[in-house]
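Before any questions on binding or motion, here is one chain by itself as structure tokens, the form predicted on its own.
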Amino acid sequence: MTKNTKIIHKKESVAIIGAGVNGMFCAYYLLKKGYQVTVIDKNAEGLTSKNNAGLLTPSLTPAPKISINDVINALAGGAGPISISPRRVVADPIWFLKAAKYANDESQTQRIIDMGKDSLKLYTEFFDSEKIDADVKKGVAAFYSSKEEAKELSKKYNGKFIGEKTITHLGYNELHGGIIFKDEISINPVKLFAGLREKIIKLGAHMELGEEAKLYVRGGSVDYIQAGTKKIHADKYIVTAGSWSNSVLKSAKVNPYIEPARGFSILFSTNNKTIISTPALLEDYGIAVAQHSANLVRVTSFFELQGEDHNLKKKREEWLLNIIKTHLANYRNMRIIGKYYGFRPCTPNNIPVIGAAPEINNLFIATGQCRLGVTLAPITGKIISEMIDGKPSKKYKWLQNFVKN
């Protein structure tokens, strides 16, 4: 070895349970810092990440507020995007009691909005540097049946109010007021997912997919992860397992209070017709609409607290299709080509669980982003990577208050 030879020591190893977009952004930022990274997931596909609406809109409410009235209406079978199973209320009454308690609490809302805006900046940097084609489109709208409500909320959310004439020009019917967020974006989540996975593999991530992962804890530390027949040892561990986080963290005696909120996504071919010129949230119905390309429209809806139920009831689908038939002027040019679902990981107070696990010195948690899962993915990955690097962001220290046993 010559005198001028520089010895490069690799950094610590990190194992991540969860190969959705949040887990992959954790991997991305850690790999860029020189860590050895293994990503583990029981599914080969990222169900929620790939079936997300693809609207990155931090200015809008992170998730529906579940009040007692919402629970009663949903349990009674009322129409609308929110559906709640009685057995879920019985199985997890603490979650629903907490959700009702926080239904009118907006004390953390601005922090979540600011966090989302930081994440959008990271997305811009990511797309600029990595050249991943994810059908990025700038400008997202929110539409309402009430013109007055739209005007009021445009001031609250710092967006531009638009009236019915402009909304009609954008491809929508029978909506009387809207808000345009010119700096917020839409993406094709399938393309983002594929491009990000390809990137982290190129950066050196080792993938263990299709195997259940279990944490083994000993003496206040995670000892290893059992993934199928393999024992995976690392210096640090991250659980970003989305709606499965509760069960994964059980052996560490940590309960992040995650309830899976099921959502459905329907893809349409458009015969190469422009259906809408601006992606939007139809806020009265909890429906998101985006045209990703000349021949692809995605419609996403529902916030269903049904546990891990994989079946969309026919009446629910009919309700969704009737709404978009009413409000999309060129619906006649759309043909269904696929139906998909995913489970959002939701906390009762809509605050993500991001930070160091209590009383486990080498375990970190990143879950609970709910309806903002894809929106918050880059900032989640950056926050966790900084914590593992021993340089936690002071700006996001408040998140640690929500990581509790």
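All residue numbers refer to positions in the sequence shown, first residue = 1. Being a predicted model, the structure only gives us computed values, none of them experimental.
Omitted here: the form predicted in complex with a small molecule. The next part is about that form.
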item: Whether Tyr172, Thr274 and Ala280 all lie within 4.5 angstroms of the small molecule in the predicted bound form by heavy atom; value: no
item: Proximity of Cys370 to the small molecule in the predicted bound form, heavy atoms at 4.5 Å; value: yes
item: Gly263 within 4.5 Å of the small molecule in the predicted bound form, heavy atoms; value: yes
item: Partner contact for Ala241 in the predicted bound form: the small molecule, 4.5 angstroms, heavy atom; value: yes
item: Partner proximity in the predicted bound form: Pro348 to the small molecule, non-hydrogen atom cutoff 4.5 Å; value: no
item: Answer option from Glu212, Asp223, Glu317, Asp114, heavy atom within 4.5 Å of the small molecule in the predicted bound form; value: Glu212
item: In the predicted bound form, the one of Asn188, Ser119, Thr270, Thr300 near the small molecule [non-hydrogen atom within 4.5 angstroms]; value: Thr300
item: One stretch from 317-325, 124-132, 204-212, 304-312 that, in the predicted bound form, holds residues within 4.5 Å of the small molecule by heavy atom; value: 204-212
